[in-house]
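First comes one chain, alone, set out as structure tokens in the form predicted on its own.
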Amino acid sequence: MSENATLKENTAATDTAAAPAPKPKRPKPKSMIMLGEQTNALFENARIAKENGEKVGWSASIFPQEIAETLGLNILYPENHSAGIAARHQADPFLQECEGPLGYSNDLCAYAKVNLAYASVLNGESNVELPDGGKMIKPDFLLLTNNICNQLTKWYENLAKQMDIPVFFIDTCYNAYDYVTETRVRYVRAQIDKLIEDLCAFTGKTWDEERFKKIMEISQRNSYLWERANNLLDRKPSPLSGFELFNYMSAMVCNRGKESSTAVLQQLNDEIEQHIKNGTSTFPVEEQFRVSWDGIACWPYLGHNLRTLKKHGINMVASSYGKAWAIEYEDLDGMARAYCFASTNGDNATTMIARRIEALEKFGCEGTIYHVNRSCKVMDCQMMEVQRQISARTGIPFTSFDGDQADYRNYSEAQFETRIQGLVEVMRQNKEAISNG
């Protein structure tokens, strides 16, 4: 054996010895497996219903879905679907198609751009390859509220015109006050009553008041369990990495009125409680800082967000985003009131500030990260003043970064890392000041 060959062997042996062993993957929790099964069932049931000649709808994410659930309608959710495409890094061909051949503006919501391009494929007008094989099947009608965003109104109007289908719309208006007036409750309630009448006529379904009461009970139970799971992150250290709750949002966005969500969320609560009992956490490193996340998740870069925060021991334990679907009410009037007040984009700055300060105190947050989401300009507009006032009142530092909920082109990894580094320095100084009295 030559000297060179021996050297190569020794070097290889050294390299092998130096290479760190791959970290074993954490087994997927049972609640996540159940969630995956629920999502598959949602799309599969819609496909079967379509094959059987039943009408299938698409819906805005904070539409009162208990109505469709009572009627036994199969409903799919474009916002949730677009988020999934973005998170899997499959959005680019849809964005290019929407801004190119379809002629839409780059400034539009990226969820809308992905969905409008997807719909054009279903409508035989585009040839973009569908990465999921077309499981978001072509709708026969649309369900719309503008409580989350007024751009949804134009998005759905375009879908309705493109596919020549009806859109059933509930107008909730912007909340100028930090409460919902009785006049507005009556305004929205009248629309809900008309919606039920029109949906029954269009789909051939029959309204069952007893079933509606049962669906409302399920929905309220799910809201309670979702809120509880979020609130359990107030423990120190948190039993969960806060980003993980983003994964469970589909149970509330797409399946609020289903008992399958009750099973998923009960399992999630049980798993979090087990972590609390065992003194363990799914956050993979020592929790050095606790922060609040404001704005929609930056789905194309969720992995980079998490890795960067983990590097500094930052756990996101509170979010204004996921809790938007914890909708509480007791009857139809209460439903009208709750859906008026469900989303940040429908609330005034006073309400936004009060809710966020309450969360910062409850979860012991030492900082806030604001996602300046290019798709969500209404939220961004208020966010600038909200973050200024909250920091002035609480003394809690914040940082912001530019990103997007589905358009990967509007994000800089270097900017995110630099902004987080700056926040860490301020949070550390604050800790040291407290420690030194």
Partner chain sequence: MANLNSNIALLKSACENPRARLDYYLSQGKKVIGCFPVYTPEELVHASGMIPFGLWGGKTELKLVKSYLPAFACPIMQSTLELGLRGTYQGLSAVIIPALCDTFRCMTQNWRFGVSSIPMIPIVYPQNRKSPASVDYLISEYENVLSMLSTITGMMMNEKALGQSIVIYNEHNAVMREFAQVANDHLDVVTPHVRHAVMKSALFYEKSEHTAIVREIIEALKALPVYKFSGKKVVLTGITCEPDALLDIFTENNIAIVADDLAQEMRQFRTDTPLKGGGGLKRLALQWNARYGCSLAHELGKPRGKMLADMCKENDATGVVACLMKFCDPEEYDLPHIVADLRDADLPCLTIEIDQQNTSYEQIRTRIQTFCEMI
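Residue numbers count along the first chain shown, from 1. Owing to the predicted nature of the structure, the values given are computational and were not obtained by experimental measurement.
Below: the form predicted in complex with its partner chain, not depicted.
Of the candidate stretches 368-376, 32-40, 65-73, 49-57, only 368-376 has residues whose heavy atoms lie within 4.5 Å of its partner chain in the predicted complex. Using a 4.5 angstroms heavy atom cutoff to its partner chain in the predicted complex, all of 102, 107 and 157 count as contacting. Think of it this way: in the predicted complex, its partner chain has a heavy atom of just one of 149, 85, 314, 268 within 4.5 Å, and the residue is 149. Residue 190 is the only one of 354, 276, 285, 190 with a heavy atom lying within 4.5 Å of its partner chain in the predicted complex. Heavy atoms of residue 177 reach within 4.5 Å of its partner chain in the predicted complex, making it an interface residue. Residue contact with its partner chain in the predicted complex: residue 360 places no heavy atom within 4.5 Å of it. Contact check for residue 394: every heavy atom lies farther than 4.5 Å from its partner chain in the predicted complex. By the criterion of a heavy atom within 4.5 Å, residue 247 is excluded from the residues contacting its partner chain in the predicted complex. Contacts with its partner chain in the predicted complex, taken as any heavy atom within 4.5 Å, map within 372-393 to 372, 373, 374, 377, 378, 380, 381, 382, 384, 385, 388, 389.
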